[in-house]
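Shown below, as structure tokens, is a lone chain in the form predicted alone; questions about how it binds or moves come after it.
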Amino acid sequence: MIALEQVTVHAGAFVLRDLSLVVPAGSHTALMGRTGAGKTTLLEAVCGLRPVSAGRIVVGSRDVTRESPAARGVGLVPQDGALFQHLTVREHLAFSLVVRHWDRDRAGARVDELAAWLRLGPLLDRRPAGLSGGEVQRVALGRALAFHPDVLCLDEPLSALDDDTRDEVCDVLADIRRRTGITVLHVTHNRREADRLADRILRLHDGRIESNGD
């Protein structure tokens, strides 16, 4: 579950003020809205990448408003994947586990599990320069899921993909949700994508959350 309670967050001169939102546990909620409406700003606030000046943010049963990004239990898949060019796919999947001091055997087992789920086994020793757009997004998804986060935030991760690759990654996302039951907050401009993946569609409009995507 994700809850924003009367949150105010600034992004330069732009402000989201007194915003409230609930994403139920286990749901895949799509957040839509015009460019510049503040969708990414909202997502960054949930992840701890942008501080809030008022209100509070709850993830699961914890108030995480003042916690660091690493302590929030939130996985993030950014629009461009944001992979490190010097790391292999294996090292990306293990990255958050190394940071959290998992032992080598446990981390290796988790990497193997994710590689199987995400069809990355043959790519584990490649670096990002040798990956397609869909492969980059699957690696970014695996990196975000590796440490068993409570919730997953997706910031338009399919926007740069062609239709066939988008369909492929949509299938992967749906499969991951079936396997894990993870709570997903998904920013997207694509209504077809939202209809396919989400069980609830919200719209951010004039700083308010509306309960439908029409």
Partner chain sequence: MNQDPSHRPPVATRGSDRWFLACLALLGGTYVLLLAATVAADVLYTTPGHLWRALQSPEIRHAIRLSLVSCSLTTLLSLWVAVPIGYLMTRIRFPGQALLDALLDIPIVLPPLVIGLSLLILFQAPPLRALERVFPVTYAVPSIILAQFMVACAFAVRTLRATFEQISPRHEQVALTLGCTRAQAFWLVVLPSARKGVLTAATLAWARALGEFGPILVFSGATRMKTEVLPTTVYLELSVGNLEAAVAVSLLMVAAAVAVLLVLRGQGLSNAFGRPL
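Residue numbers count along the first chain shown, from 1. Small disclaimer: the values here were computed from a predicted structure and weren't measured.
Only in words, not in the display: the form predicted in complex with its partner chain, which the text now covers.
### Task
Just give me the single entry in A144, V136, A107, A115 that has a non-hydrogen atom within 4.5 angstroms of its partner chain in the predicted bound form.
For this set of options, the contacting one is A144.
#### Entry: Site check L49, A70 and A129: each within 4.5 Å of its partner chain in the predicted bound form by heavy atom
Yes, all three are in contact.
### Message
Whether V74 contacts its partner chain in the predicted bound form should be assessed with a 4.5 Å heavy atom distance threshold; does it?
### Response
Heavy-atom contact with its partner chain at 4.5 Å: present for V74.
### F95: touches its partner chain in the predicted bound form, heavy atom cutoff 4.5 angstroms
Yes, F95 lies within 4.5 Å of its partner chain in the predicted bound form.
### Message
Test of understanding: in the predicted bound form, would L120 fall inside 4.5 Å of its partner chain by heavy atoms?
### Response
L120 lies outside the contact set for its partner chain.
### Message
Can you tell me if T40 lies within 4.5 angstroms of its partner chain in the predicted bound form, counting non-hydrogen atoms only?
### Response
Yes, T40 sits close enough to its partner chain in the predicted bound form that at least one of its heavy atoms falls within 4.5 Å.
### Query
Can you pick the stretch from 164 to 172, 40 to 48, 58 to 66, 183 to 191 whose heavy atoms fall within 4.5 Å of its partner chain in the predicted bound form?
The contacting stretch is 40 to 48.
### Message
Only counting heavy atoms and a 4.5 Å limit, does any residue of 74 to 102 reach its partner chain in the predicted bound form, and if so which ones?
### Response
Residues within 4.5 Å: V74, L76, P78, A82, L83, F84, H86, F95, S96, V99, R100.
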